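Only one chain is given next, in structure tokens, and it is the form predicted on its own.
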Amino acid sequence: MSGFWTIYSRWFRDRLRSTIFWTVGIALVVVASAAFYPSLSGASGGGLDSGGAAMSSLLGLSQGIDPGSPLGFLWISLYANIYPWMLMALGVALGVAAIAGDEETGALEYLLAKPVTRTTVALARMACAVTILFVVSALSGLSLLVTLPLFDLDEPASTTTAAGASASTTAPDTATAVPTTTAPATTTPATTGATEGVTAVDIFNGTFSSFAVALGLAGIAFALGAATGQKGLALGVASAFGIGGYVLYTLSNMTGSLEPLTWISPWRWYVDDAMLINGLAWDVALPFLGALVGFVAGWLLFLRRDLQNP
């Protein structure tokens, strides 16, 4: 495939500066979020759960995750919300820029005037977009990993279960008609347990699943941009899909009537599976499949249409 590496390396060099900015920016947000753990590690999930199903969904507490534990804290403060959103924004930007971005400026027409095919351009641009997204994800995850000891996130944390009262009663014996008494209430003492600290495997699981969500959205943005050549349209629709899926998932936790529709939302499997805490599941393959379908659809439509005049 003549010209693939030339197009790939040139597009990567053109985005090297922005890639550095994205990496540094996301890494700073990740580390800053982790820095709050020492002051909030004693928080309890009870106050957050009292906000109802919508608040629990927004914070990723649908599975009763303890925000006072190291993993629980990273989940609700970073991986359930902020981190995937940042990667999704980057994925959409890269997917749109791959074809539609240069087409609106006229640079794509100049490139295709050279001895390269549209297939080569589409494949090289999409491969480079995946590479950039992967590099930013990996380096931001690494920045969190190396700073875990600074904020005690790698240390086991003790958790305390609140004391509770239980009362037992004895049913009357109807055969003997002997009166019975109610046993006095017994109080269960508070129990203390321990949760393990965050490990490199945990960071990999959470970062990889976030990368997967962003890659799926990048595939949608690429397909729209390649099919229409309109940067604004591709950017708007792809962004609306990500935001709409999040809103749909949140609303589905408030009303069961919307749950069948949540299958189109990547947030359903991402939040429900909580792979940062529970480990990788087969669902993580879904956005990769979606990205592949988006690329193939965009590539086929790109081959069959005329370029837009800038």
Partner chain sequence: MDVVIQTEGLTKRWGALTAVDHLDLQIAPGECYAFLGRNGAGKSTTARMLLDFIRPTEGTMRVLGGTGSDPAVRARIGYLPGDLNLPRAMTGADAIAYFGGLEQRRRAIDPEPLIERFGLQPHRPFRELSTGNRRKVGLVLAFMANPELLILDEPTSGLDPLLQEAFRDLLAERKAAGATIWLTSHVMAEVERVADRVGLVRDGKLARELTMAELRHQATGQIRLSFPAPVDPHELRTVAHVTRAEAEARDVVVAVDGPVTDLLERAAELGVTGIETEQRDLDDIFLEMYEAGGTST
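Nothing here was measured: the structure is a model prediction, and the numbers come from that model. Residue numbers count along the first chain shown, from 1.
The form predicted in complex with the partner chain is left out here; the points below concern that form.
Quick check on L144: any heavy atom within 4.5 Å of the partner chain in the predicted complex? Because no heavy atom of L144 falls inside 4.5 Å of the partner chain in the predicted complex, the answer is no.
Contact flag, E109 vs the partner chain in the predicted complex, heavy atom cut 4.5 Å: Yes, contact at 4.5 Å.
Examine P149 and determine whether its closest non-hydrogen atom to the partner chain in the predicted complex is within 4.5 angstroms. Outside the cut-off, so no.
Is there a heavy atom of A113 no more than 4.5 Å from a heavy atom of the partner chain in the predicted complex? Yes, contact at 4.5 Å.
Among 133-141, 101-109, 199-207, 212-220, which stretch has residues with heavy atoms no more than 4.5 Å from the partner chain in the predicted complex? It is 101-109 that comes within 4.5 Å of the partner.
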